[in-house]
Ligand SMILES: Cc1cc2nc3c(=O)[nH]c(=O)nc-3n(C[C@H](O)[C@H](O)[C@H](O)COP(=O)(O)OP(=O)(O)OC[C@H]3O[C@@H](n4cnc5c(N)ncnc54)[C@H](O)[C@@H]3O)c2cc1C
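Consider the single chain below, provided in structure tokens and representing the form predicted on its own.
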Amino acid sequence: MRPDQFSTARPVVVVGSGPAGHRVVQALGRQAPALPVVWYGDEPWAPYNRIKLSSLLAGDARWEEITADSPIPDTVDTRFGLRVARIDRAAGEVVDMRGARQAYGALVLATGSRAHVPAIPGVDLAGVFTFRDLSDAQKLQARTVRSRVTVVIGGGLLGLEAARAMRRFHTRVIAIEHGNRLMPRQLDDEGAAWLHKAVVEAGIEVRLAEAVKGIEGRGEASGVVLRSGEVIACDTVIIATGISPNVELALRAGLPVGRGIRIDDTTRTADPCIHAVGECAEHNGEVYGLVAPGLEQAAVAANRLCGGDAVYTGSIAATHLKVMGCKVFSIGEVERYGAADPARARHFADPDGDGYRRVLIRQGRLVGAQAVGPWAETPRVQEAVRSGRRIGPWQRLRFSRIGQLWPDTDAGDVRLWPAEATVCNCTGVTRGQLEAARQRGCNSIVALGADTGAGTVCGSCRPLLAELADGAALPAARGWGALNAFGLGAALLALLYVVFAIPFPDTAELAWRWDALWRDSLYKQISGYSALAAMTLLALIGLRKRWTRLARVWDFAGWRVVHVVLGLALVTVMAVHTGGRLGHNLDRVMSLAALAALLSGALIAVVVARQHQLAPGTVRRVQRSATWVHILALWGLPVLLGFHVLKAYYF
């Protein structure tokens, strides 16, 4: 039956209450509010935030939090907890599990996927679970209280999230991955090694390159048998070995099915009245298994159902997640195709131990990127990979040195990102779409989220939305009060040094002449070596990013305050050493260079301390300019200081 043979009174029927189905329903409600929609879902509850399931299991989120921001248009007829049993394509109807029929003018299959359970002995024992939906999470919530040893089969995203959640009551958790690294589809060897370290530090035991031969137990799981013959005793087993698309409904209806339900660029199946979106859909041989591509397909399907001409040309798979509290980002290609592949990789490992970054460039264009740990540039990197943007030699050099492809101001200020750059990775909303929403009067995080869906899933992009909406300030820096006080003190003393010299005594009738501090050779040596010691300590702390042992002694915020305190001490000792006089010739150049370094450093300290009171763009611009002055002023200081010491002892 052709689409034009259906009555316009027939509703659009959506099957599946996951993220893709929900997005179709929401988009139809916005674009065609008068269009009748009937929405089926196997699960008995309203749509929920599946990304936060692990947080719910770990006790970090409540039920109210995972169901928030899930509005359903009033015109939608919801039938949750009611499974669709078959499709009668000839009649243009679906038949539910009770035998009731529902006519459709167009049908959208968003049936999602289920956990893939490998065919190993013992998977049907009590104590063996999967972790895929809210029902699984509820069962595991009850299990966390009594479990003492949990084995998670699978070292991918879901496996690691399940492992983290099961540590809630200090349960011993062992994650088993058959590959030689964690998250092998998203990370290379070095990136996986960084993640491995974070997982182990979180208290999870990891076994790599191991295969599970079976699960043993009498009625209930009591151990996992490895291929090597080793048995790991446990009371709970969680299987997280991937997904299987739910294609049975389409298969029974005679629709072409491969790994998923096959669709074209309009998201239609072989039946022009039936669309498929999300994890159940296969486009050009690809089943993505991620939320973002499903949301893109859902947007195209809704547009087509409303008479539009949108097309879906495929997605570049992007992973933007938080695993064990550690941010993991991956997009595009992970590895080269082989020795003949012209692609070249650039790596950056943060000396602070905060993370690892890698980009893959082929013929001058960015084709893949990954990161373990924070990376402010990830939204722009994502856009660059999707657009195949060129990466210049200077960008590659910058990345190798400091792990950034763009200057701080370009990467950090969301208002400077390209219009195509993705701001909300969960919903695929770009800066351009958010800017258009702002033009429509959406000037708050809530308004932007209601209009575009941005920030309504995991919430990690809300600081960016705040910056777009009203220029909200950055969060307060740790120890900002001390940083501000010592920074202002150092700046004030440095300025006094420039404009005011300590006067000589105007009478000889004094018990102590303070000018002896800068005239007597003994005092001058004491203050001179004190200044040299302060400079040496400042240099060592400035190089802490190259000295990982020092980085582990104390955190960055603490060393930053120490750095400013030493700067204040240095300018004080300099004043004692010279009486506040700049000197002549090379001494004068050295004094001016030291004061420029001190003033610029003090400015950085004050701006960082007050970043929560200033516009983000102002903070970044001032910080970047002052940093360059700081570096340039320090560049020649060791040589000038060497000449000064040599001259003092020579003469």
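Residue numbers run from 1 along the displayed sequence. Here the structure is a predicted model, which is why all the values come from computation and not from measurement.
Just so it is clear, the following notes concern the form predicted together with this ligand, a form of the same protein that is not shown.
**Prompt:** Looking at 353-361, 369-377, 128-136, 305-313, which lies within 4.5 angstroms of this ligand in the predicted bound form, counting heavy atoms?
**Reply:** Only one stretch passes the 4.5 Å heavy-atom test: 128-136.
**Asked** Among 60, 43, 587, 65, which has at least one heavy atom within 4.5 Å of this ligand in the predicted bound form?
**Response** Selected residue: 43.
**Message:** If the cut-off is 4.5 angstroms on heavy atoms, which of these, 246, 382, 484, 186, is the one near this ligand in the predicted bound form?
**Reply:** The option sitting close enough to the partner is 246.
**Prompt:** How about residue 15: is it within 4.5 Å of this ligand in the predicted bound form, going by heavy atoms?
**Reply:** Taking the distances in the predicted bound form, the answer for residue 15 is yes, it comes within 4.5 Å of this ligand.
**Request:** Give a yes or no for residue 161: in the predicted bound form, does one of its heavy atoms lie within 4.5 Å of a heavy atom belonging to this ligand?
**Result:** Although this ligand is absent here, residue 161 would touch it in the predicted bound form, with heavy atoms inside 4.5 Å.
**Message:** Residue-level contact is defined here as any heavy atom of the residue lying within 4.5 Å of this ligand in the predicted bound form; does residue 50 satisfy this criterion?
**Reply:** So residue 50 counts as contacting this ligand.
**Request:** Determine whether any heavy atom of residue 83 comes within 4.5 Å of a heavy atom of this ligand in the predicted bound form, and answer yes or no.
**Result:** Residue 83: contacts this ligand in the predicted bound form.
**Those residues of 109-139 which, in the predicted bound form, come within 4.5 Å of this ligand by heavy atom** = Counting only heavy atoms within 4.5 Å of this ligand in the predicted bound form, the contacting residues of 109-139 are 110, 111, 112, 113, 131, 132.
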